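Only one chain is shown below, in structure tokens, and it's the form predicted alone.
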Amino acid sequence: MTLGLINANPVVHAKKERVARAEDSHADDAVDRLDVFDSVRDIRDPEHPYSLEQLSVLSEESITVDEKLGRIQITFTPTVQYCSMATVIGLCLRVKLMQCFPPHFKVDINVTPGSHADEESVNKQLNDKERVAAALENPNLRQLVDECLYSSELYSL
């Protein structure tokens, strides 16, 4: 028995132009939403050969950074309400942020309200340290996350 894709024909959007920054405009090393967006925009969707940005799963506007409180919040929108990969997408976001930003940042990752049929459960899984740690110990899941994170780097070389 072969399972089909839940969203076999997603809408693909053009990628936005990367914003060039002047060297001194970001000299204080403060993290802002553009820094966060640039670090996660190229993560590949687990089911499709497109980035999360291209599928409009996330945007710069869906990211909030409070440098004073040390908090990064990302809200993402799965392409369909019954997306079985929503937790994998959230896990990819979390792992990438763990790799790119200092550990003092508290990271909250949630699906956009009303965008997923099992929103409460997905949000709970994505923000529970023990569940995240357990998920990352699963070799198959870790391989999938790594493929989503690093396949985009292969295409951009």
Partner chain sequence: MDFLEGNLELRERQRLEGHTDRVWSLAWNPATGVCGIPAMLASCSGDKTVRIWQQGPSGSWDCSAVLEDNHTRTVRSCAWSPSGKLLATASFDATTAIWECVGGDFECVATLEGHENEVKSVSWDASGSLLATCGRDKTVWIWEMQPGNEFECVSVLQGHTQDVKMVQWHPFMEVLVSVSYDNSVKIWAEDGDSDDWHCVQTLNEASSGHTSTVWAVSFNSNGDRMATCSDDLTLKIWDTSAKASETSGSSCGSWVTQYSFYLDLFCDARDKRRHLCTISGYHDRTIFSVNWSRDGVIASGAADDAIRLFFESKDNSVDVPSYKLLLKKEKAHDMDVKLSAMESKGT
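Quick caveat: nothing in here was measured; it's all calculated off a predicted structure. Positions refer to the first chain, counted from 1.
The following text describes the form predicted in complex with the partner chain, which does not appear among the structures shown.
Trainee: Is Asp108 one of the residues lying within 4.5 Å of the partner chain in the predicted bound form, judged by heavy atom distances?
Mentor: Yes.
Trainee: Would Asp146 count as a contact of the partner chain in the predicted bound form, using a 4.5 angstroms cut-off between non-hydrogen atoms?
Mentor: So Asp146 does not count as contacting the partner chain.
Trainee: Hey, in the predicted bound form, is Pro113 touching the partner chain, heavy atoms inside 4.5 Å?
Mentor: No, Pro113 sits far enough from the partner chain in the predicted bound form that none of its heavy atoms falls within 4.5 Å.
Trainee: Taking the partner chain as it sits in the predicted bound form, is Pro103 near enough to touch it, meaning that at least one heavy atom pair lies within 4.5 angstroms?
Mentor: Yes, contact at 4.5 Å.
Trainee: I need to confirm a contact call. Of Glu61, Asp128, Asp29, Asp66, which residue comes within 4.5 Å of the partner chain in the predicted bound form, counting heavy atoms only?
Mentor: Spelling it out, the residue with a heavy atom inside the cut-off is Asp128.
Trainee: Enumerate the residues of 36-73 that have a non-hydrogen atom within 4.5 Å of the partner chain in the predicted bound form, in sequence order, or give none.
Mentor: Counting only heavy atoms within 4.5 Å of the partner chain in the predicted bound form, the single contacting residue of 36-73 is Arg71.
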